[in-house]
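One chain comes next, on its own, written out as structure tokens in the form predicted on its own.
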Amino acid sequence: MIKLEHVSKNFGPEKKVVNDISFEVAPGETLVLLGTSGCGKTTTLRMINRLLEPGSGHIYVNGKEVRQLPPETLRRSIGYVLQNTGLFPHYTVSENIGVVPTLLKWDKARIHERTFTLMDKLRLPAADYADLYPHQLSGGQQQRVGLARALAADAPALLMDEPFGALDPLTRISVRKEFKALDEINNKTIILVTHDIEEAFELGTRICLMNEGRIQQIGAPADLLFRPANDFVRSFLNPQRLQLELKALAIKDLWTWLPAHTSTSNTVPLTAESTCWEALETLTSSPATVVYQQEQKVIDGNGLMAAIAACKK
């Protein structure tokens, strides 16, 4: 659990970068800090593990006030992913991943097993990559190593600062999907900073939208999209509204408006938790069968788009 209470941070007497923000992130939840450049989102993240000290307020990680812990002890208990990976160039891939477990004095066999397990999960087979150095890897591979390093010690909290921002669009999408599929993140408390609105809607359980150091709205992606708190929230999301609606709405959210067809011939299965974006990728090739609350329906792309239009009226 991570909790912020009335946290502020000034850079100089005139510049309040973070202004009285409060929120709580539960285990298993991903909170995305989103907003304009300079809005305070990265400063907020860095205060949580004391790379920056808060000017006022309180920050708790797993029930402990961060200023009551030595910085090195705090940081070893939190996974941290940087935009440019921050890998040690003179360490091999396996040595980079094992840095924190080594500092925590895990035995070598445990470090080896954990490192190789994470490499396999992130499509970096140990036989091919364990002894390579960062400069021998592509950008996407380096970012996978950075993710593995942050997860290696199995810390309950994970901080991610623009983790996919330096990647090209296709690699970014691929690495994001791999990250979402990791069972390693299921019970972690995650805070992720991004300037990518679609990324926020894809990865966030909740989104904290900031502007000029203040929280403008915090809630589920659909809350910000369909129940904006103010004009800033509305205008910030408007340019990408259609894509965001497809990522925010799941099939189960449209169940009332979907046609009640039941024939399952020549269909593929979809879960009711699939987003409309994910569903449309499937429905371009064939209809799909969906079961929700013991009811079964068959949907196609036209029926799904009609349901989206109906639910917005």
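Residues carry their position along the shown sequence, with the first being 1. The model shown is predicted, which means the values in this text are computed figures rather than measured ones.
As for the form predicted together with a small molecule, it is not shown, yet the points below apply to it.
The partner is absent here, but in the model of the complex a heavy atom of His195, alone among Lys188, Arg214, His195, Arg172, sits within 4.5 Å of the small molecule. Checked against the small molecule in the model of the complex, the residues Gln68, Ser37, Thr256, Ser285 give one hit for a heavy atom within 4.5 Å, which is Ser37. Stretch 40 to 48 is the answer when you ask which of 56 to 64, 274 to 282, 40 to 48, 246 to 254 has residues with heavy atoms within 4.5 Å of the small molecule in the model of the complex.
At the 4.5 Å threshold, heavy atoms of Tyr292 stay clear of the small molecule in the model of the complex, well away from it. Among residues of the shown chain, Glu162 is one whose heavy atoms approach the small molecule to within 4.5 Å in the model of the complex. Of the heavy atoms in Gln83, some are within 4.5 Å of the small molecule in the model of the complex. Of the heavy atoms in Val17, some are within 4.5 Å of the small molecule in the model of the complex.
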